[in-house]
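For reference, the chain that follows is the form predicted alone, supplied as structure tokens.
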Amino acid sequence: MPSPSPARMHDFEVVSNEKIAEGIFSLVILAPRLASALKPGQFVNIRIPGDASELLRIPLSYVSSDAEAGTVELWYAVVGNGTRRMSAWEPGFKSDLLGPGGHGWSAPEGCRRALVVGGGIGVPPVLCLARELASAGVRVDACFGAASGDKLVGVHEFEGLGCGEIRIATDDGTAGFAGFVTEPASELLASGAYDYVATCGPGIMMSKVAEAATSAGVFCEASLERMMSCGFGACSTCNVETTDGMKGACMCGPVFDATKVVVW
């Protein structure tokens, strides 16, 4: 059984809400207690007021937190009515959220070189991890991609970390490698240089990264995207089929040992 959820209710105020790529925004909120509690790979369930017919909160990964300033930065894609309303939020807007949810990444002790692989809006949780690993002296290489160059996020942030290798891919070839990010990721994994792989993005992408990691004999974790409706294990809408049975992503994840995931 999973341990009790660490999630608690937090009021927040919007500090900034800016477009950083086509259809993707960076939301910075003031939530001091949350900023001190979040760990890479965890998520928040955020309330989007404005439509009484939409009862569920929206689960979002975070990209950074600043305990001293009391702020949390979240990146999100505008994909529906809720996120469309969110994109109109201005500084000073207030709402509430549930967090931190679930458990995050578990890089193996003694890790010296890690590879993070992100696709689309799956970049935030692996960027957050990369920042923590780099600060601990781990060499981090990064592969990340998007459908097109105007949808890419994280380029400057990964460069700022001093990553050893940075490989970019776009489906249409408008930036970096023309094709799926799994190809440069598999190429790097074949070198046998890694102790750990972390990935987040579309299911098919993560499954391919997991296969390449298994072939290379490298421990791989994946952050699975599910609709975590309640965020604390009560509703069973975010179940993931694993080799150990059905597991709720909001409590047993969202980060899973990739070798245990049956259905991506």
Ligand SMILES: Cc1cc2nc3c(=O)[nH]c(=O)nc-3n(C[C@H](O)[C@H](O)[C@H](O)COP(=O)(O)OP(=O)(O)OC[C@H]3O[C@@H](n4cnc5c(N)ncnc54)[C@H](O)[C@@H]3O)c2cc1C
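The structure displayed is predicted, hence computed values, not measured ones. For every residue, the number given is its place in the sequence shown, counted from 1.
Separately, the form predicted together with this ligand exists; it is not shown, and the next lines address it.
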item: Partner contact for S61 in the predicted bound form: this ligand, 4.5 angstroms, heavy atom; value: yes
item: 4.5 angstroms heavy atom contact with this ligand in the predicted bound form for T83; value: yes
item: V79: touches this ligand in the predicted bound form, heavy atom cutoff 4.5 angstroms; value: yes
item: I121 within 4.5 Å of this ligand in the predicted bound form, heavy atoms; value: yes
item: Segment assignment from 52 to 60, 27 to 35, 206 to 214, 191 to 199: heavy atom within 4.5 Å of this ligand in the predicted bound form; value: 52 to 60
